[in-house]
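Presented below, as structure tokens, is a lone chain in the form predicted alone.
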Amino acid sequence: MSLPLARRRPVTALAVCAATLALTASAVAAPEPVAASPAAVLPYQDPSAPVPDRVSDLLARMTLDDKLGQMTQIEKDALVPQSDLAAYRIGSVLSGGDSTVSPNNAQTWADTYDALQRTALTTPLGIPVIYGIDAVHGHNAVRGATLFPHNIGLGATRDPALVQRIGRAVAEEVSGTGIDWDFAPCLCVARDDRWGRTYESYGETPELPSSLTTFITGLQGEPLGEGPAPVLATAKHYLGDGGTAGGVDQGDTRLSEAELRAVHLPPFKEAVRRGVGAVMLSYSSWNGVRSHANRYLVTDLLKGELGFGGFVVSDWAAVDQLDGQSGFTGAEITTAVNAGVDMVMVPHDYKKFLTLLRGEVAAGRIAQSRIDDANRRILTKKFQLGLFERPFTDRSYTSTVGSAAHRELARQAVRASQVLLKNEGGVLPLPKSAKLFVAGKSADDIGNQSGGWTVGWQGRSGPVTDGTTVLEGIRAAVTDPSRVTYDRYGNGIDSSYRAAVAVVGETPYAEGRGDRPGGLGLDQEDLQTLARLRASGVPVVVVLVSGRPLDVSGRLPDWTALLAAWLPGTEGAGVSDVLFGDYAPTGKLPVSWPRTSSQEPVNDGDGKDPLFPYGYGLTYSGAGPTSPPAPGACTARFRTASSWQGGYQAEVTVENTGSTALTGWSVDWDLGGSRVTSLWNGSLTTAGGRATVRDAAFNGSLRPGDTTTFGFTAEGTAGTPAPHCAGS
């Protein structure tokens, strides 16, 4: 495979010149750059050569220190002095959850990236660094970036095409700051809502996160590097971190292998089929064995059985925790690398780490072949990304950070993620002319509605970044903003209001701090605010901002309506779009909603009786014409998402091209000899060599111009079918 030309980073002579420096320079001091003739291009520098050939040529020129450096990833702020990046041949840099730049804007991030890359390119071989960051719901470390709903909200949309578009938008904003590797998506299957990372999961069944691996295609292009602004994706956290006993972060997943494979493996299998470039391991254990030490899961299953060809990276300081003590030991490093870890997220004490790693190789406890395999995997991705030809920030994407187009896409995702759980008496949608009272700690708080991993690891309340709060969205939607009264605590309400909108729920958190083994109830401030609103006699509409279902069954009779808004991100106007009926709610629960905290864990198919079942979600009734509409017009677009020997995965986008709303649709096409083996977001029948897919309960209703997507895997060859769509 030749190097893709679509990365579009500025081409500089630095990468070519640096690679022709003397190959015998010491690995403990950064060498001085030496200019070289452009004609002296080595085979690995030839962009027309196949990537495997370039990797082999480069590997043959690398010293052991070069190779060990490629396996090392360090925190940007730990790099003191910056020249150590070249002196120790470091292959990767990351920014942790609280790592930032000053001033925190896209331009400074790009300048920081380019400065580090210039240093890396002064090494004899001029191997560029790959820079990683947790852009888990947008480029969330950068103030002013577009922040999308966290994964649990995207799971409620059931829309793989939308999620792929979000992946593309995130790739553009990340590329605009120079960064080329995203530690996303999280493909965990969250089975206990007490876990503090539940919001990082698309849902509790393996089918839902598997269908939303489209985010990977959006980030990377198809295949990796084919297209503008490719960013390496990371499937995390492998394997089973969503199934730990009691929902304890970094805990133990106690399952049989059959259960592990049935529940937690499918999303990673689908990610591998999509060509995901990296896989990050979990802190958690499977039946007492930590993932970072589990050769069977990493080497035999992931790399062997699933055929993963990318590289495996450890989580933050996870390797030095294998023995339960802080600080690296040679034994820990050997255990992890021999288990299949290709790159170690150190992230701070890189000098000690490299000394120990070198000693383990010298002692023969880590084979040279294992070092070469890790390097081959890492270098392949660097070549496929185009880093050797275009190592610096493509500034044409810097202006996309927080752009109007991306914010509009995020607003679409917000409204598609809203799940209506109760609507007594049809109080929703609210009239735009109504006199309304708005209350609650999250009504006017970007930090609360964005959650954790927002300009900081744990996130925080307040105006942490740019965006539109739910209150601002409400005021923008109504005909007369003066008829909207806001008081955070619900003080001053009386019976003159048509309704009270209470925006309540959780405040920001991330893993560890977010674990709630003691219960999932509302806090005292929320309860007191809701009591004041109810005492007025006004209908109370609760908008719940949270990263998971909360224990609300005891309070639900007091509320006229309940809308699960999840953690919507920066575009709070998407919530008001649904409150006022500009868009009917279409979201469906990606998790089962417990009756009480003590019912956890509760999941689809486990025989328990949740308050609201998986897949539940209301929409507005009584809207539109009173008689059934005439059959509507729709089109269907077929796209092969990925293919492999003997099979493929496809996605079909259905669009309402008529002037009236659809209440249902069906799509049929000639299978061309192939056989559908699994399908999501619809129901399938086959007859006479043709397939017919009808809408699911949650995606049949389409307004004019709206789209939805279903997908399937099949045995055989995709071909180029022309699907026919019929609406009703």
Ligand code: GLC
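For every residue, the number given is its place in the sequence shown, counted from 1. Computed from a predicted model, the values in this text were never measured in an experiment.
Keep in mind that the form predicted together with this ligand is not shown, yet the notes after this line are about it.
Is it the case that I493, even though its partner is missing from this view, gets within 4.5 Å of this ligand in the predicted bound form, heavy atoms only?
Output for I493 is no: heavy atoms all beyond 4.5 Å of this ligand.
Report whether the minimum heavy atom distance between V484 and this ligand in the predicted bound form is within 4.5 Å.
Because no heavy atom of V484 falls inside 4.5 Å of this ligand in the predicted bound form, the answer is no.
Within a 4.5 Å heavy atom cut-off, is H264 in contact with this ligand in the predicted bound form?
So H264 does not count as contacting this ligand.
Can any non-hydrogen atom of R197 be found within 4.5 angstroms of this ligand in the predicted bound form?
Yes - in the predicted bound form, heavy atoms of R197 and this ligand come within 4.5 Å of each other.
Looking at G96, G227, G617, G459 here, can you tell me which has any non-hydrogen atom within 4.5 angstroms of this ligand in the predicted bound form?
It is G96 that has a heavy atom within 4.5 Å of the partner.
Work out which of V101, A87, V361, M280 lies within 4.5 Å of this ligand in the predicted bound form, going by heavy atoms.
Selected residue: M280.
For the chain seen here without its partner, which of 231-239, 363-371, 647-655, 389-397 has a heavy atom within 4.5 Å of this ligand in the predicted bound form?
Stretch 231-239 is the one.
What residues in 127-162 sit within 4.5 Å of this ligand in the predicted bound form, counting heavy atoms only?
Only a single residue, D134, comes within 4.5 Å of the partner.
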